[in-house]
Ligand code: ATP
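This document starts with one chain, in the form predicted on its own, laid out as structure tokens.
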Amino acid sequence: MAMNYSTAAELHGVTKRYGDVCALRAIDLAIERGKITALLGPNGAGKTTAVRILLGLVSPNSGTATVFGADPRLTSTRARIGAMLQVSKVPETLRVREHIEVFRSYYPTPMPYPAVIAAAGLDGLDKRLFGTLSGGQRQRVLFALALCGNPDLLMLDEPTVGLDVESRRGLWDAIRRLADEGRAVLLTTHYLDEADALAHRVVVIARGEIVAEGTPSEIKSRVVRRRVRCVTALSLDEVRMIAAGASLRRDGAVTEVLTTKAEDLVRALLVRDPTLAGLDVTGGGLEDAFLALTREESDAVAVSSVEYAVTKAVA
């Protein structure tokens, strides 16, 4: 099979079992150079297993995993990968500079020290002991360590946990620059606004299977519900009667409705409440799409389980 030079890493037909538990079910996943791919899924969906296979930490039961066309377990392959994992632990008694210099020494062509510091936003912190840093500052150090080898493929697991808004935006800019330089980035995050803001491509995984993939806009387009926000004098019960079957909530003075019949709802609200204000109708967001897709998968599994039980009972 000819190598696709735009692809940095790939899982092809990968299945991984842990005893009786099937973590991944014959999935195909490609991580492209110069792109940020967000891998989304609920806890236990299989995200961590997919990342561990691409890092060469575990092997699939069937299927193949390649990174730059080679086995991810090879030392030469691992030298081209940078990883920031939630399980990362580093000694607290070393200074930030010492950590970075030690990690840079592991690689044949490390990223220059000033570039690592600048990308991770660690100016003025390199003389501090790791143990004295705040949670957000520690996250930035772990990001810096992932960059030390000047990686062609960067795997980021929840990179902005614990960061304040300004630091989070700064890290987003750094990740975008790395992709603009031609590096491949695989991002796993529970912050769906982060995936929406950063990702060129989103892959949604549930129960070990990929249930959707595409650009953030393509994923969001799969949500048929729209969000209606307004300030109304009607009670929540009155709105509920108008918007039968919709999802409602009230946040202070603002009423928010998720509905498949936005136009009908707006017309009914305007007729019943001449004081209606602050009307805003938008398409569903990535969070709505994620919840809908993973809920559909759970419902399908539940139906399948019921059908199986009924079949067994009849037999």
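Don't overthink the numbering: it's just position in the shown sequence, from 1. If you're wondering where the values come from, they're calculated on a predicted model, not measured in any experiment.
Just so you know, the form predicted together with ligand ATP exists too; it's not on screen, but the next bit is about it.
K.L.:
Can residue 101 be called a contact residue for ligand ATP in the predicted bound form at 4.5 Å between heavy atoms?
P.N.:
It does not: once ligand ATP is placed as it appears in the predicted bound form, residue 101 has no heavy atom within 4.5 Å of it.
K.L.:
So in the predicted bound form, does residue 48 come within 4.5 Å of ligand ATP, heavy atom to heavy atom?
P.N.:
Looking in the predicted bound form, residue contacts with ligand ATP include residue 48, since a heavy atom lies within 4.5 Å.
K.L.:
Decide whether residue 190 counts as a contact residue for ligand ATP in the predicted bound form under a heavy atom distance cut-off of 4.5 Å.
P.N.:
It does: once ligand ATP is placed as it appears in the predicted bound form, residue 190 has a heavy atom within 4.5 Å of it.
K.L.:
Determine whether any heavy atom of residue 293 comes within 4.5 Å of a heavy atom of ligand ATP in the predicted bound form, and answer yes or no.
P.N.:
No, residue 293 is distant from the partner.
K.L.:
Tell me, which of 196, 213, 126, 158 has a heavy atom within 4.5 angstroms of ligand ATP in the predicted bound form?
P.N.:
By the 4.5 Å criterion, the partner-contacting residue is 158.
K.L.:
Looking at 283, 42, 34, 56 here, can you tell me which has any non-hydrogen atom within 4.5 angstroms of ligand ATP in the predicted bound form?
P.N.:
None of the other options qualify; the answer is 42.
K.L.:
Would you mind picking out the stretch of 269-277, 249-257, 48-56, 62-70 that comes within 4.5 angstroms of ligand ATP in the predicted bound form, counting non-hydrogen atoms?
P.N.:
Selected range: 48-56.
K.L.:
Note that ligand ATP is not shown here; using its position in the predicted bound form, name the residues of 6-25 with a heavy atom within 4.5 Å of it, in sequence order.
P.N.:
If the 4.5 Å heavy-atom criterion is applied to ligand ATP in the predicted bound form, 6-25 yields 18, 21, 23.
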